[in-house]
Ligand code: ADP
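Read the single chain below, which is given as structure tokens and is the form predicted alone.
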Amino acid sequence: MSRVVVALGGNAIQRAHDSGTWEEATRQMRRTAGSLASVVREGHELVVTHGNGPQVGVLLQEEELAASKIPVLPMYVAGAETEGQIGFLVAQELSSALSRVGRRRAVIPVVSRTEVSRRDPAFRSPSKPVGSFYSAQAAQRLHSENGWTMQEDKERGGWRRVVPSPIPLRWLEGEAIRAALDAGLGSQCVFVVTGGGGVPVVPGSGGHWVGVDAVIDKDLAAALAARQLNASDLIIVTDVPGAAVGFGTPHERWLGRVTAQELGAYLRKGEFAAGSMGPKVEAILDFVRHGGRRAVISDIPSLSAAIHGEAGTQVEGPGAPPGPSRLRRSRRTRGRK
């Protein structure tokens, strides 16, 4: 039985044109859950991670609107809240999907903490936009009152808060979850972990952990979780069928089976955007270079084929099975990467 970590992008929960209602999220997760259930039906252990960017953004806006009446909570608490929210959604729909394919499992969401370093350079140069857009005057006021770092977005018009995006070092609950899986619970449970990269924490005094306002890249955190769980496969799900070079140009070419060296060379040449496909490529390279058998970038409809090496961008590590990889859809696909 292979141990497979599937990292869900935000589109698996909320599509770009959705208005953000719970009914929309439920419908979208129901579609996603069917593909996830196929992984278990084929005999694999499954662990799920997910993004939470839109959901955290909504919570921050809600807090802002209610700030005159309700105390504003730290941003890292919003991360924990959305881990519970999305974990519940995954549990609801995936449990039902597993029952439909005759593979009953307990779906267990885990509010996860991810250790980062206080010395990470990201804390000196915040760069991840979060929350609402503001006028220049409002941005100056928020900087003065709250100490927020504000940055102008000239393309979209307005100013936004930016926070650090440090490198994930350790998933605190990882050893316990791996012990549970190694003891055989993977045949009874599906764990949902490190949502949104996990709640960022740093070591405090006396063995305590301290939450920090930051955003951990969810794909890098998924690679870290896969490594700590000794997973054989990491599959990063997005809304395009794989990674492409020359994306959006007449010379666009989708990548099927590639070596880590080849993919790394494309990354260094700037083929993958820093805010979209770049972190996904970094994550799968990190996983295979640390001993992972195989890492894949795919979309939800192609997930079952990706497991069989027949779809997505596939990067092999030590011990990967031989076989061809191809993208099942040759048509050009547009969307977020």
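Please read all numbers here as calculations on a predicted model, not as lab measurements. Don't overthink the numbering: it's just position in the shown sequence, from 1.
Unshown form predicted in complex with this ligand; subsequent notes refer to it.
*Asks:* Considering Ser112, Thr82, Ser165, Thr238, which brings a non-hydrogen atom within 4.5 Å of this ligand in the predicted complex?
*Replies:* Selected option: Thr238.
*Asks:* Taking any heavy atom pair closer than or equal to 4.5 Å as contact, tell me whether Glu63 reaches this ligand in the predicted complex.
*Replies:* No, Glu63 is distant from the partner.
*Asks:* If you check in the predicted complex, is Arg294 within 4.5 Å of this ligand, heavy atoms only?
*Replies:* Outside the cut-off, so no.
*Asks:* I'd like to know if Glu271 sits close to this ligand in the predicted complex, meaning any non-hydrogen atom pair within 4.5 angstroms.
*Replies:* Yes, Glu271 lies within 4.5 Å of this ligand in the predicted complex.
*Asks:* Quick one: does Gly43 come within 4.5 Å of this ligand in the predicted complex, counting heavy atoms only?
*Replies:* Taking the distances in the predicted complex, the answer for Gly43 is no, it never comes within 4.5 Å of this ligand.
*Asks:* At 4.5 Å by heavy atoms, is each residue in Arg178, Ala225 and Asn230 next to this ligand in the predicted complex?
*Replies:* Checked in the predicted complex: no contact with this ligand for any of the three.
*Asks:* If we take heavy atoms and a 4.5 Å cut-off, which stretch out of 129-137, 193-201, 148-156, 217-225 is in contact with this ligand in the predicted complex?
*Replies:* Among the listed stretches, the partner-contacting one is 217-225.
*Asks:* For 72-109: residues with a non-hydrogen atom within 4.5 angstroms of this ligand in the predicted complex?
*Replies:* Contacting residues: none.
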